[in-house]
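Only one chain is shown below, in structure tokens, and it's the form predicted alone.
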Amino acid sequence: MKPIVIIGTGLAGYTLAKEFRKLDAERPLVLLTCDDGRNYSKPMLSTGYAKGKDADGLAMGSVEQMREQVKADIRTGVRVNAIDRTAKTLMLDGDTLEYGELVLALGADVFRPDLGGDGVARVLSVNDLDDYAKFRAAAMGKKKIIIIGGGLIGCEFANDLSTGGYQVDVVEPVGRVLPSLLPERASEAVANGLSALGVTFHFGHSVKGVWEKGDGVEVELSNGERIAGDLVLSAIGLRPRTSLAADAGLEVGRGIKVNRFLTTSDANVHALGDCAEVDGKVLLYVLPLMAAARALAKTLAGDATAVQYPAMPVQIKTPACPVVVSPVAPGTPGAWEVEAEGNDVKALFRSPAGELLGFALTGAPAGSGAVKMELTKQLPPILG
């Protein structure tokens, strides 16, 4: 029997492999990765400094341990150059590999801004374990980190790096933190919490360029202001990796398009995780990924199972001001109802008919499991 081949050993690829092995212990399973195959959880990359952990400390298992755990042929340092859907083969560097079923668990790339200046080489991003190791090495002995982006990733790193002893400046052009996730009053609470740690915010202006200045850098903003620092961390979002699928003639949109069974426009090719657009939705969070892995594992084992996404609130790792949010899609009719005292905010988004469609909790309400559970029960499913 031809193997199931999974491209990617991030959280999506390894979770799928583990779920599949619960159902089928015999079918050949091959995992391909261009890195060293260590098992780690990507969301933990923005907690390393607070936990005092280097890249090795964040890793949860070596490739040897994963080979044993999922009973799979895991090939590291492998790049897939093309998919031949007719022959059902993958073109690797100097080799080909046959598949029976193919799963794309390719993840997402960081968005890289187009910046001027001679210091662009000192602008780093953290998107995997290797990136984290490189960033830690570059930040060793430094004092001030400038973060581009005040969204989820930027805020988490601002909290983590401040806790780790760094002076942090955050540049966010929209004018407030977490602008796509939170109403203004909740954004204010998070900014206040991070400011109390020593984070300095520069709102309303974008980064125009990065210039070398001695051993450090100088960041030029769109209003002409310049900020001196030692290193720049770009944290302005992710883009699903779709080029391999597109080159193979698979249908892509914002992500690799799949149906509720996680199947692409080719019945033998599937996708999940950050690279996938599931029934029109791209959800770059852990809980949807886990739900997709469980459903796809059943499908690959012979029990066709459509994925279901219940309401899945997102917990943002900013201990300075904890946040739990069930995001509302832009343009959704309705309005926020906000109760607030200091950094404790309970914001409910209701439709014109009064139906609860989303919520945002910061401070003490975010730490209440009972409040979160009660509100989540009232929400409609993301994919029922």
Ligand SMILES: Cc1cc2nc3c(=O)[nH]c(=O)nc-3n(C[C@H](O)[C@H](O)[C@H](O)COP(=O)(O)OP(=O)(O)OC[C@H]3O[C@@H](n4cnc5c(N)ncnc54)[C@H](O)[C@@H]3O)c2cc1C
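Here the structure is a predicted model, which is why all the values come from computation and not from measurement. Residue numbers run from 1 along the displayed sequence.
The form predicted in complex with this ligand is left out here; the points below concern that form.
Check: Would N127 count as touching this ligand in the predicted complex under a 4.5 Å heavy atom rule?
Finding: Contact with this ligand, yes.
Check: Can Y285 be called a contact residue for this ligand in the predicted complex at 4.5 Å between heavy atoms?
Finding: Output for Y285 is yes: heavy atoms within 4.5 Å of this ligand.
Next item on the list: Report yes if any heavy atom of C34 sits within 4.5 Å of a heavy atom of this ligand in the predicted complex; otherwise report no.
Entry: Taking the distances in the predicted complex, the answer for C34 is yes, it comes within 4.5 Å of this ligand.
Checklist line | Contact test in the predicted complex: E156 vs this ligand, heavy atoms, 4.5 Å | finding: Yes, E156 lies within 4.5 Å of this ligand in the predicted complex.
Notebook entry, point to check: Pick from 210-218, 237-245, 300-308, 254-262: which stretch has a heavy atom within 4.5 Å of this ligand in the predicted complex?
Noted result: Looking at the other structure, the answer is 237-245.
Notebook entry, point to check: Would G8, G13 and Y40 all count as contacting this ligand in the predicted complex, using a 4.5 Å heavy atom cut-off?
Noted result: Yes, each of G8, G13 and Y40 comes within 4.5 Å of this ligand in the predicted complex.
Check: Among the candidate residues R79, K143, K281, K71, which is the single one with a non-hydrogen atom no more than 4.5 Å from this ligand in the predicted complex?
Finding: So the residue touching this ligand in the predicted complex, by this definition, is R79.
Margin query: So this ligand isn't shown here. In the predicted complex, which residue out of A105, A292, V177, A186 has a non-hydrogen atom within 4.5 Å of it?
Written below: Comparing distances to this ligand in the predicted complex, the residue within 4.5 Å is A105.
Checklist line | Contacts with this ligand in the predicted complex - residues in 304-339 whose heavy atoms fall within 4.5 Å | finding: Residues within 4.5 Å: Q315, K317.
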